[in-house]
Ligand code: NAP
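The chain that follows stands alone, in the form predicted alone, written as structure tokens.
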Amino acid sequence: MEWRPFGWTGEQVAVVGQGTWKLPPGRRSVQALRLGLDLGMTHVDAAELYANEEVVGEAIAGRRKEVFLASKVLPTHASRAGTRTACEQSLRRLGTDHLDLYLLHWRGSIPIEETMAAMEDLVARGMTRFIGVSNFDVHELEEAQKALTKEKIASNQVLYHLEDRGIERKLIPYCAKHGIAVVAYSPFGHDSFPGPDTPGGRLLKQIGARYGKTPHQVALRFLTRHDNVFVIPKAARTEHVIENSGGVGWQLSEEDIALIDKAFPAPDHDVPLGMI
């Protein structure tokens, strides 16, 4: 597994982690997560919304010290008191006394100043080491950071895949400048990964053949070519966990990056932040 500093925190975190959105309950999911840990995919992302934190808790039981554990609060719960309650409940379900990272899942109607004050309280209480946000564009990041008085935003979790590259224009550079880790969720899209009979799919296969890699592994390597980007693909099957782990630890050539860039062009103008 490849590791890199997680933004300004300096924490060494696995470039490929494990997402848990729509991860089904059951023994197979627990085994898949544990295999991921064995392969070095120790960044595990959860959320109260996913309703499966108990599965994550079972998977990391006895191995908590290995894991960079993240969870998220729903915006409807993100009041001063609600944030603390939500975090306490997540900790109970996850079977741990602290998180490494706690995120606001997306911007809601509760004032950001109130939520960020609650987040700082959680750090002071030792309930989370770092705080962050999810689905925030640049102006929202600026507002969140301005609302903080003691802490700094450690990460922004956003949608990023080959066919949604809008964050490359301003968001990734902004985060790099300010030491904010970008965590890409759904790095294969949402049921929209290029098929083997499409031009893009054939290109990924051809490039992968040069490195002994699959199209999905090529996609992960392309997305993580930025030094401050991490990915958290979800995998409930062991073969997919193994495949995901092979998405880093090697490098694409400049020529291959250019070919992928041409096949899946980034927008040449500002676009709304993608979200699913």
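Residue numbers here begin at 1 and follow the sequence given. Keep in mind that this is a model prediction, so the values were computed, not measured.
Omitted from view is the form predicted in complex with the ligand, to which the following refers.
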property: The single option of Arg34, Lys213, His226, Lys234 touching the ligand in the predicted complex, heavy atom within 4.5 Å; result: Lys234
property: Distance check, Glu48 to the ligand in the predicted complex, heavy atom within 4.5 Å; result: no
property: Lys152: touches the ligand in the predicted complex, heavy atom cutoff 4.5 angstroms; result: no
property: In the predicted complex, Thr83 touching the ligand (heavy atom, 4.5 Å); result: no
property: The ligand contact at Ser79 in the predicted complex, heavy atom, 4.5 Å; result: no
property: Segment that reaches the ligand in the predicted complex - one of 261-269, 20-28, 248-256, 7-15, heavy atoms within 4.5 Å; result: 20-28
property: In the predicted complex, residues of 179-198 near the ligand [heavy atom within 4.5 Å]; result: Tyr185, Ser186, Pro187, Phe188, Gly189, His190, Asp191
